[in-house]
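Let's start with one chain on its own, the form predicted alone, as structure tokens.
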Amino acid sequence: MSVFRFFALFFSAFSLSVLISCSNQAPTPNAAAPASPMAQTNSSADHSSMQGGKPKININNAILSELDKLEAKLGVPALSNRIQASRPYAKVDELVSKNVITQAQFDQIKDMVTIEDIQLTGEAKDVDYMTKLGLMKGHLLVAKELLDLQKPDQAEPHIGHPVEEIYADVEDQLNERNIKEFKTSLIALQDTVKAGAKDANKVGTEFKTSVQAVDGAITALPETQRTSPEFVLQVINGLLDTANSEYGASIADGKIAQPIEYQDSRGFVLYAKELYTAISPQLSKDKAEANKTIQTTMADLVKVWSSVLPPAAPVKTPVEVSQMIKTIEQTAQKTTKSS
């Protein structure tokens, strides 16, 4: 046998043994098949429905507060209502074909929108639940301020938003958590205020009932979660993100053109501050520097809304407010990751 033939047979035998060996190996779990729904429970949403680490906005079912993020991004007054009025959408680019926005505007937000349902699980679902209830609290906070100023006509939209915009978005979770429905209470309060809030005692009682119902829904979450700085900071970030969008949507040509959006953003910031005040002592023990940064920035942020009634000129520009909120969010995210 020649040397050449010997090596040829040797390599042929070696290659065959490798092929047999590979074919007998079991596939690794990662290569077996696409992840099952159970395997996705650690993520807040499908990757295709995420943008910049945040869920995309479903233009078919997003509440107005979420759609306001698109309005603020493009600077188009009343865009949220126009998007809502043109539902449903079969494709995201129908925003253009239905003449809601231009192609150039769509190109700016196309990575922010989807028509897919976004399924939240685990902690992300709990954060979303408490954030939605936090938005309700923010609306009710400014409604109370306006009622105290004897301005029921201005208070009414803020009482209406929780029941008209948010309740349906959180209703399934309320049912899952066996929370007694309180939509009826919110509607009763709205009707009383719409009628002029003539009976102060009735308004006070109905308002208290509504606030207690929202608080009760929040306490359905475990106390360890509600008092965890890491968890609450995520909720605060969600509230501030929405406040940022509402504030941006409220200003046009250097003036506060949309008082309701201004007041919405005030309510969300006030409730975010309330939540932070509760966790600040605990956070200061472990993350003193981060606590100081968030506390100081939050105090400055609240000053932007000097009153529930809009000032003649904005205290800060939307860009300045965005930077303050970004500082809080980035500090909170670093704190959460390092915990």
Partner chain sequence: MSSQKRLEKSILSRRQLLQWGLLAGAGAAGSSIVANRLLGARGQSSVMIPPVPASPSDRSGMNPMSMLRDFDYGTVTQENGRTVREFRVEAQTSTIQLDNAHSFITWNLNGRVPGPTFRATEGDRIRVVFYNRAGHSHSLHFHGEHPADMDGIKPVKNGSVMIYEFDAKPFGVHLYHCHVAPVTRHIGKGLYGMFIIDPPQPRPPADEMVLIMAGYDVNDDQKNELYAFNGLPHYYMKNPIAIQQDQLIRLYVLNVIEFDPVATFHLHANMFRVNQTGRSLEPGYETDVITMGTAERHILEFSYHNPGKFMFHPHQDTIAEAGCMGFFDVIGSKT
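No experiment lies behind these values; they were computed from the predicted model shown. Positions refer to the first chain, counted from 1. Rigid core here is just the name for the largest C-alpha set that superposes within 1.5 Å across the two forms.
Keep in mind that the form predicted in complex with its partner chain is not shown, yet the notes after this line are about it.
Give a yes or no for A90: in the predicted complex, does one of its heavy atoms lie within 4.5 Å of a heavy atom belonging to its partner chain? Contact check for A90: yes, within 4.5 Å of its partner chain in the predicted complex.
Answer yes if any heavy atom of E71 is within 4.5 Å of a heavy atom of its partner chain in the predicted complex; otherwise answer no. No, no contact at 4.5 Å.
State yes or no: in the predicted complex, is some non-hydrogen atom of E223 no more than 4.5 angstroms from a non-hydrogen atom of its partner chain? Judged by the heavy-atom cut-off of 4.5 Å, E223 is well away from its partner chain in the predicted complex.
Does K180 reach its partner chain in the predicted complex if we count a contact as any heavy atom within 4.5 Å? Close contact is absent here: in the predicted complex, K180 is far from its partner chain, nothing within 4.5 Å, heavy atoms only.
Specify the contacting stretch among 141 to 149, 92 to 100, 195 to 203, 214 to 222, defined as having any heavy atom within 4.5 Å of its partner chain in the predicted complex. It is the stretch 92 to 100.
Sort through Q234, S245, S210, S80 and report the residue having a heavy atom within 4.5 Å of its partner chain in the predicted complex. Residue within 4.5 Å of the partner: S245.
Would you kindly say which of L174, M112, I187, I115 lies with a heavy atom within 4.5 Å of its partner chain in the predicted complex? Result of the distance check: I115.
Has each of E165, I251 and E261 got a heavy atom lying within 4.5 angstroms of its partner chain in the predicted complex? Yes: E165, I251 and E261 each sit within 4.5 Å of its partner chain in the predicted complex.
Return yes or no for N81: a CA shift of at least 2 Å between the shown form and the other one, with the rigid core superposed? Yes, its C-alpha moves 2 Å or more.
Using a superposition on the rigid core, decide whether the Cα position of I115 changes by 2 angstroms or more between the shown form and the other one. For I115, whose C-alpha is compared between the shown form and the other one after core superposition, the shift is 2 Å or more.
If the CA atoms of I63 and V127 move by 3 Å or more in the predicted complex, do they move toward each other or away, so closer or farther than here? Compared with the form shown here, the C-alpha atoms of I63 and V127 sit closer together in the predicted complex, by 3 Å or more.
Distance direction in the predicted complex for the C-alpha atoms of L67 and E181, relative to the displayed form (3 angstroms or more): Between the C-alphas of E181 and L67, the gap widens in the predicted complex (3 Å or more compared with this form).
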